[in-house]
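Only one chain comes next, encoded as structure tokens, the form predicted on its own.
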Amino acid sequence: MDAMRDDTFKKITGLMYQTIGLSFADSKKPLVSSRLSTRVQRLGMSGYEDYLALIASDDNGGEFQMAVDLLTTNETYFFREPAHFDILSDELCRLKGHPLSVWSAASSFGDEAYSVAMVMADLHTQGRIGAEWSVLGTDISDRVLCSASEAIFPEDRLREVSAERLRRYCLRGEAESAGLVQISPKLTSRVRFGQLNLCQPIESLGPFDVIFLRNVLIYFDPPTKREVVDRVLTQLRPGGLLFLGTAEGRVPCETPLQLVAPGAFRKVAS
């Protein structure tokens, strides 16, 4: 198969930007090419131009969503950036007087949402928060949301989970399921998932006490980042916490925020 042409790359990434706000710099051409190449070949197409024509058509049979999945799915694992979960625990204990809700706004396969649920379940067991708590995970990808709802993970993705939490909240696979871990119903009953495009208006989901918006802003250009952050913050209670990826720094937005720790911000109460 021929290499991806520059004009084809521009058209594919332009379609992604116009449709769902994803932005890819010219330097990302090798990434876009490599992630789509196997799919193009699997469909028996002669090149990227044919694939572009398919995903740009109204009758694409869900292939546009498949392209989105391929271009946005990154490695994820439980308790990524563990310092954030320590801050989360302290914050939830401070708010224990009312039902608690946390939103994982770019939840991917659910690793982050179930990590949050483990923290909340521990705090409830310890009597540090009440019995009314829940976690919402959203993503733009149907495929990752279906996987998240199944709650079955390769055990390597739980490498940062303590032995005690593994015992309490996970079931290890045996025989043909060896190497897999299933999350216990005591957590899955508290976590729900739904599809959401962060670049579109958000209906009332919250308010939430804490929102995780980590490792997704890298896909947006600066104006879109600002819009996404402000849009998400409409769902956060005044005084609530927003978590971004620590490497993402502070994103300019209209909503006043106070730095708590690297990647952690408090929404300033008006």
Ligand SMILES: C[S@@+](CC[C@H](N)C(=O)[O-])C[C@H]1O[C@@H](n2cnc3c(N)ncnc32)[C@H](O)[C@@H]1O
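Everything quoted here is computed from the prediction, not taken from an experiment. Start at 1 and count along the sequence shown; that's the residue number.
Only in words, not in the display: the form predicted together with this ligand, which the text now covers.
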### Summary
Of S149, N197, S89, S184, the only residue with a heavy atom within 4.5 Å of this ligand in the model of the complex is N197
### Task
Quick one: from I140, L100, A117, L136, grab the residue that has a heavy atom within 4.5 Å of this ligand in the model of the complex.
I140
### Query
Using heavy atoms and a 4.5 Å limit, would one call S189 a contact residue for this ligand in the model of the complex?
no
### Partner contact for I20 in the model of the complex: this ligand, 4.5 angstroms, heavy atom
yes
#### Entry: Heavy atom of Q126 within 4.5 Å of this ligand in the model of the complex
no
### Task
May I ask you to state whether N215 is within 4.5 Å of this ligand in the model of the complex, using heavy atom distances?
yes
#### Entry: One stretch from 53-61, 35-43, 233-241, 207-215 that, in the model of the complex, holds residues within 4.5 Å of this ligand by heavy atom
207-215
